[in-house]
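Before any questions on binding or motion, here is one chain by itself as structure tokens, the form predicted alone.
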């Protein structure tokens, strides 16, 4: 089997060699500081004894798993620490397919492209299910799409790329649909710290053996390079996930886990609130510029992405390259994220140059 290069890398590589200055609004790398406690924990780690530089327990450091379990209100035995949320999703999706309960994955459209990519990697068949115009779950569309072949339903809230925060009652209905066809529901909550609506509620509040929740610290602590994520699985699925994790990765890095655990215990809510306030300011500034440019766009209720459409300039890869070359702004083409917003662009607001980028887009489309 051959795999296509992710379009993210193609756009970033194109922007990196473009003439002139280009503002990166492609990648989801937070540009703000990680927690102070995390930096201090890393500095201290360099002086630890040699045994602390060896393999950690494969399922993750016990103290980190305990901290995650305490915060998420689950038993520690249900927590598996992974190499980022991406691996947590991979383990959860693999578990859905290996049960001989079907080979189809229902994925919400617009879709984060790594979900269909992982589905293909695991030998499953991805089926895109439409969402409502604002990105919210269309429960009836999911019900109509579900069948005995459905092994997996993947949800992501707050959502990349729409910014939607799913209503917990809608998620509950989706879980009931999954139970009826013996499918697992994987709920990726990696952006939970960036709920800008005040409406986010974790799927862990739903008592079901068919729900796996994944998350991590790449976004919330601004440490995408540390690769610390986790899966919270029903007891009957934990052993399988642990085995696959051990065979693929052996373990996740010990220093990263130690630093994250320290930061979890010593960082107060004000750190996360400052990040949300910063994002709100950036959304206001970028939205005002898109209004001035005559664009249609979505204001996110969570995460840090904006989808925008400019009349007469569909969000194709060719037009993404035009914006890089002629406006000096790099976004992502809408068809990266399925079929529902293929004429749109996606912009990540994790750059201190958001206002400058907005000005460039206004000048370009008004010029």
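Residue numbers count along the first chain shown, from 1. Everything numeric in this text was worked out from a predicted model, so none of it was measured.
Unshown form predicted in complex with another copy of the chain; subsequent notes refer to it.
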Original post:
Taking the partner as it appears in the model of the complex, which of 28-36, 331-339, 61-69, 310-318 has residues with heavy atoms within 4.5 Å of another copy of the chain?
Top reply: 28-36
Original post:
Has each of 97, 194 and 198 got a heavy atom lying within 4.5 angstroms of another copy of the chain in the model of the complex?
Top reply: no
Original post:
residue 272 near another copy of the chain in the model of the complex, any heavy atom under 4.5 Å?
Top reply: no
Original post:
Would residue 225 count as a contact of another copy of the chain in the model of the complex, using a 4.5 angstroms cut-off between non-hydrogen atoms?
Top reply: yes
**OP:** May I ask you to check whether residue 162 falls inside a 4.5 Å heavy atom distance of another copy of the chain in the model of the complex?
**Re:** no
Original post:
Is residue 87 a contact residue for another copy of the chain in the model of the complex, using a 4.5 Å heavy atom cut-off?
Top reply: yes
Original post:
Since exactly one of 208, 249, 103, 127 fits, which has a heavy atom within 4.5 Å of another copy of the chain in the model of the complex?
Top reply: 249
Original post:
Among 287, 234, 255, 136, which has any heavy atom within 4.5 Å of another copy of the chain in the model of the complex?
Top reply: 255
**OP:** Just give me the residues of 108-136, first to last, that have a heavy atom within 4.5 Å of another copy of the chain in the model of the complex.
**Re:** 114, 117, 118, 121
